[in-house]
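Below you'll find only one chain, the form predicted on its own, shown as structure tokens.
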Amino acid sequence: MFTGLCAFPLTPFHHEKIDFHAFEKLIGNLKQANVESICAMGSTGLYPYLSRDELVKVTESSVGIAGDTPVMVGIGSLRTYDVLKNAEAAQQAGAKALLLAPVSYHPLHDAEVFGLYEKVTAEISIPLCIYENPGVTQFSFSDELYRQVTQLPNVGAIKIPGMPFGDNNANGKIRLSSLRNIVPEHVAIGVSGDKFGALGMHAGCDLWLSVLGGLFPNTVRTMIASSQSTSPQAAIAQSERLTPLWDLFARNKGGMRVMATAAAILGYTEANCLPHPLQPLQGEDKQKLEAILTQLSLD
């Protein structure tokens, strides 16, 4: 479950309803690319915007199309009560793993985040991936909190921000080594933030949890293979070639709007496939993305 590429596809909308026809095309593309796993309803999959009934339907659709490709499902919500209900629903719908970030409106304390994971892991029967996403949740995990939560039952992986794997990958290797000393051996460590994915895999992360891979899985799988080879410079060069795309991600507060616009440009979805008030790229940014897709031949 927690190796290689975990692809994070968009959950597309049309007139404020989930566009299951478009969603099935996106999942089919990932199935055809033989990704190691799929995360339905990650941040790009818009889990905070979905009702529990929609969560069930998206999970069932994902599992049905993915076949033997395992599907992980995002279950985050403001209240632990709703997280537990989401977890129950996702498991009954066939999910093979769960993804959980400490979602909040009021900033959370470490003890509150530990309490969230303690309650959830006690109630589930499939692996949980702990998701650190401070850009969205405004919460960063301390090493002590990582040590505590990864000792809980049913924790299978942690999803860490990619920033330590920036320009100086030596810092990333040091960070990864320190985490290896903190978390149990059976807990996988995954890198997020696509700009840092190739360097993270080269440093020794177990998996790349990828927004880009949700639409262009073969591009990411090629970078993973290169990063784990005897010549990882090829993966680094491939990632650097995508710098204009990473710049668009940064300018638009993440990859969600960029991937939604790309999906529309490529004909997977309607022109505006996001629920209101979210909007796809407009004007100059959309033109830049169109040029990037033409020039880079992403797959």
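What you are looking at is a predicted structure, and each value in this text was computed from that prediction instead of being measured. All residue numbers refer to positions in the sequence shown, first residue = 1.
The discussion below concerns the form predicted in complex with another copy of the chain, not included here.
Residue-level contacts in the model of the complex: of A122, A111, A170, A225, one residue has a heavy atom within 4.5 Å of another copy of the chain, and it is A111. The single contact residue among L176, L128, A93, L116, judged by any heavy atom lying within 4.5 Å of another copy of the chain in the model of the complex, is L116.
The putative spot formed by Y49, P275 and L278 is fully lined by another copy of the chain in the model of the complex; each residue has a non-hydrogen atom within 4.5 angstroms of it.
When another copy of the chain is considered in the model of the complex, E54 lines it closely, a heavy atom lying within 4.5 Å. When another copy of the chain is considered in the model of the complex, G135 lines it closely, a heavy atom lying within 4.5 Å. Although the partner is absent here, G166 is not a contact residue: none of its heavy atoms lies within 4.5 angstroms of another copy of the chain in the model of the complex. Contact annotation: R180 falls outside 4.5 Å of another copy of the chain in the model of the complex, judged by heavy atom distances. None of 186 to 194, 201 to 209, 216 to 224, 101 to 109 except one has non-hydrogen atoms within 4.5 angstroms of another copy of the chain in the model of the complex; the exception is 101 to 109.
Along 238 to 259, residues R251, N252, K253, M256, R257 each place a heavy atom within 4.5 Å of another copy of the chain in the model of the complex.
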